[in-house]
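Shown here is one chain on its own, the form predicted on its own, set out as structure tokens.
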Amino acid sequence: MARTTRQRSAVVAVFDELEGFHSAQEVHARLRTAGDTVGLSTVYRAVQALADDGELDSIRTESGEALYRRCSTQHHHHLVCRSCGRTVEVAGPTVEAWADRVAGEHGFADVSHTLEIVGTCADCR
């Protein structure tokens, strides 16, 4: 776990106020608007460290941009609306069993995975 810095604490505070997924650039803009002089590269490092420590959840958009949010600590997957960005956490016990079975069949251990299902939500259809 990375050490807590003022910048990291400021990034956490922004995510505590936000719902849904947001980019490091959005977090940086919010910090700057609030008068914080933290640099964009520092925000990128803090966000990545928080994601690595499991404090933030991340997804990649279809364009490859990483988005982050505060998320539950239990393992889950996401439904993501490609239009508005709305996300829904979903459990996937069938996916978990399939991943474990396939990994075992190929001699893999200590596996992890990420599943994002991208579509269009009911409000955007």
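It should be emphasised that the depicted structure is a prediction, and the values quoted were computed from it without experimental measurement. Throughout, rigid core stands for the largest set of C-alpha atoms superposing within 1.5 Å between the two forms. Just count from 1 along the sequence shown to find any residue number.
In what follows, reference is made to the form predicted in complex with a further copy of the same chain, a form of this protein that is not presented.
- For the candidate set Thr33, Thr37, Ser41, Thr94, a heavy atom within 4.5 Å of a further copy of the same chain in the predicted bound form is found for exactly one residue, namely Thr94.
- Although the partner is absent here, Ala29 lies well away from a further copy of the same chain in the predicted bound form, with no heavy atom inside 4.5 Å.
- In the predicted bound form, a further copy of the same chain sits within 4.5 Å of a heavy atom belonging to Thr61.
- In the predicted bound form, a further copy of the same chain sits within 4.5 Å of a heavy atom of Thr114.
- At the 4.5 Å threshold, heavy atoms of Arg69 stay clear of a further copy of the same chain in the predicted bound form, well away from it.
- In the core-superposed comparison between the shown form and the other one, the C-alpha atom of Ser9 has shifted by less than 2 angstroms.
- The Cα position of Pro93 differs by 2 Å or more between the shown form and the other one after fitting on the rigid core.
- Annotation: Cα of Leu18 displaced by less than 2 Å between the shown form and the other one, core superposition.
- Put simply, Val47 and Val118 spread apart in the predicted bound form: their C-alpha atoms are 3 Å or more farther than in the form shown.
- Compared with the form shown here, the Cα atoms of Ser112 and Ser58 move at least 3 Å closer together in the predicted bound form.
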